[in-house]
Every structure is written in C-alpha cells, then in structure tokens.
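Encoded as structure tokens, the following chain is the form predicted on its own, with no partner shown.
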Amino acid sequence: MSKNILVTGCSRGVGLEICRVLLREGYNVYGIARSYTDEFKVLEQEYIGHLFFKSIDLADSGGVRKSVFKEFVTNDILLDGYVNNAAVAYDDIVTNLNIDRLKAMYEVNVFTPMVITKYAIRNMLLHKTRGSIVHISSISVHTGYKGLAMYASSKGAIEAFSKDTAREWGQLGIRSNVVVPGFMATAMSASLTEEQRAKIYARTSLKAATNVGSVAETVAFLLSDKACSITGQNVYVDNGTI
C-alpha cells in the first residue's frame, strides 16, 4: 500500500521536484500551495490518482486545521509524512526592519508549519504511524549573508522546533529532521544579480548552485524507512558551504 505524504509549497521549484521524486518512488502526494501551476498540472496528469492538490493560503495559520485537516487530509487518510517546504522571503538589512513584513513572513515560515506539524502528528498518533517530518531550512541560518537576517531567523526557529519535536515524539517512532539546502537557482533567489550569485557560489566547495534534485532526493530518503534511525538532525545539501 502506498504511503501518503503532505507537501507544502508543492507547485514550483524545490516543492515540485520533491513531489516528482516521491511519486516516482511510489508515494501518494497531497500538495498544498497558493498557485495551481501548469507544471504541477502536467505532473498531476502523469500520476492520476496519486497526486492531489488544494489551493491554500498558508499565511492563515488559524485556518489551517479546517482547510488542511478537515477538508483535505482528513483523519480517514493515514498520513505517513509531512514536508514543510513552503516559505516566503523578507530580505533587507536589519536597520530597515519592518515589523509587519516580519510578522507576515513568520506566519508562513514558522507559525503555519508548527500548526501543521501539530495536526500531522495527531494523525500519526491516531493511526499508530511511525511517521517522518522533514522541514526545509536554509544555509543562511548557519553562515551569514547580508540582507538575510530576518529570513534566516525564521528558518532557525524551525530548526529548533524540529529538534525538540524529535525528542518529544521519538519514543513513538515519529521522526523529525531538517534539510538545509545551499543557494539554489529558484524563484526565491531570482532577484539576485549575477555578481551576487557568483559571490555566493564562490563560498562553496563545488563553486556552483545547489542542485534542486539532490535536495529532493535527500528529502525522499529521510521520509523513507532507510532513514529509520535518523532523527533530530540537520542534513546539509549545500555544495560544501559549511
């Protein structure tokens, strides 16, 4: 029987690639995003009956229980894993910090993933599932980049949350890990100039952008039984940035 995985930010970039890898390995994927993209629709047609989509605004942490767990991934569905991939970036130097923009980012990057984790674990407890949670973080948490202090702080919060979640629920076989990608050529980094990208890649061992497929394959591994003894960890997929 196919395992069921919930993936946020599923419609483009890393999230779409994670869905593609999971489907190829035989999972059922329940995808959440604001945009129902053409790329996602193509994948949906290729995996009819195994890939499902719901458009949800993840800026509404208070509505997540109803929109996700009452109307989409209900308790009738045994949830084996959750991938917290959706995120928004608020980039600026600290002296320009805008509290409203900071709060809006934390709603998507921190509060909503925490709420989803809460109900994903409840689903796993109901079904006595030894489930796996994987959060996507950022290398900016671990090595400084000008203008990324606010964004990195939100991802750092999720890393701490994951580690303590692993301690809290490990005795029941529920695992929680973080994948820490380096800078990738995605929509989130599209605003960078070529000069900025060159400087970032020069700080890596491989002198290149992190491969999106490599990140997705690592997520799939952590969701699988092959990683049954891995929990509470940060797994770096960063071209040797650290």
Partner chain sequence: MEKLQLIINSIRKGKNLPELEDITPEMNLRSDLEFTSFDLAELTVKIEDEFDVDIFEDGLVNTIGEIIVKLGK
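Small disclaimer: the values here were computed from a predicted structure and weren't measured. Residue numbers count along the first chain shown, from 1.
One more form of this protein exists, namely the form predicted together with its partner chain; it is left out here, but the text below deals with it.
- Query: Residues in which of 151-159, 96-104, 120-128, 133-141 have heavy atoms within 4.5 Å of its partner chain in the predicted complex?
  - Reply: Within 4.5 Å of the partner lies stretch 120-128.
- Message: Only one of K207, H50, K41, R65 gets a heavy atom within 4.5 Å of its partner chain in the predicted complex. Which one?
- Response: Answer to the contact question: R65.
- If you check Y90, W169, F111, F72 against its partner chain in the predicted complex, which one has a heavy atom within 4.5 Å? Result of the distance check: W169.
- Enumerate the residues of 86-116 that have a non-hydrogen atom within 4.5 Å of its partner chain in the predicted complex, in sequence order, or give none. Heavy-atom contacts within 4.5 Å come from no residue here.
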